[in-house]
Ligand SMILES: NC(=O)c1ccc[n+]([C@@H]2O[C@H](COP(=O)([O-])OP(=O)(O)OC[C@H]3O[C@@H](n4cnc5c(N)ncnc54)[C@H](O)[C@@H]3O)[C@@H](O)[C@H]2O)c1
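Before any questions on how it binds or moves, here is one chain, the form predicted on its own, in structure tokens.
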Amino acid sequence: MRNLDEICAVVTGGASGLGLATATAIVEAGGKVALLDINQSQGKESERVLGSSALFIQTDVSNESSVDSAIEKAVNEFGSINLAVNCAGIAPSARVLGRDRLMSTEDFAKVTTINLNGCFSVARAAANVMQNNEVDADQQRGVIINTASIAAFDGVIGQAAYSASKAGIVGMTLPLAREFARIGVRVMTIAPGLFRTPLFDTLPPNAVEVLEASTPFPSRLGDPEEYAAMVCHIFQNTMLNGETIRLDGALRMS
């Protein structure tokens, strides 16, 4: 079992929400983290709060050259990376047959480009670097953790694009894990339920209460720290590979 203070990570969407909680847990455990995020002002502030063990790198995950450059900068800063966590993504809600317009394939593609293609782009670049790491006692060189959603399994009306993008992440988890096994890199996916992220700050209190009540137990929104704890456990537990873990309090969207 590897120690958390050995982590040298890149975390996309690391400036806020689940990504920031993950970065915070890594830094508090003694590790180092590069925050890959498109939001420069929030990224710089999160870097300041986390201190010298954190580095903000402005990154557009939908742009392959931006991703490759960010990974290169992280490697130059840390020497290498042994953990990549994909948290960046968007969650628009729109019906395909809307009242005013038909959803365009461009709208659909925007979601999959950021959520799915962006996740793949980071995974490929991270694995390419990790294959050159020294192995540990389990012949392991690195870990890649992607973020899907329970919407990958039971999406609701308005989530056609979002659910498709997250289902794609689930679908590529096992093939990547099988391919990267030869280089000692594990691939896992976490599918969160309803978590308290900045998105919920825009909702009225009564709406939040309804969402909290929909989760069987515990009947509340997930805490980003609970997501971060799962990331840390996956990093330490080498037998976790090629699987998607639902982190949702038994919630099944109806």
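Start at 1 and count along the sequence shown; that's the residue number. All values derive from a computational prediction rather than experimental measurement.
Keep in mind that the form predicted together with the ligand is missing from the display, and what follows is about it.
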Flag D223 as yes or no: does it have a non-hydrogen atom within 4.5 angstroms of any non-hydrogen atom of the ligand in the predicted complex? no
With heavy atoms only and a cut-off of 4.5 Å, decide whether T59 touches the ligand in the predicted complex. yes
Using 4.5 Å between non-hydrogen atoms, is T24 touching the ligand in the predicted complex? no
Heavy atoms within 4.5 Å of the ligand in the predicted complex: does L199 have any? yes
Candidate spot N39, I114 and G193, all three in 4.5 Å heavy atom range of the ligand in the predicted complex? yes
Please pick out the stretch from 77 to 85, 96 to 104, 159 to 167, 136 to 144 that is in contact with the ligand in the predicted complex, where contact means heavy atoms within 4.5 Å. 159 to 167
Which one, I90, L174, A109, A181, lies within 4.5 Å of the ligand in the predicted complex by heavy atoms? I90
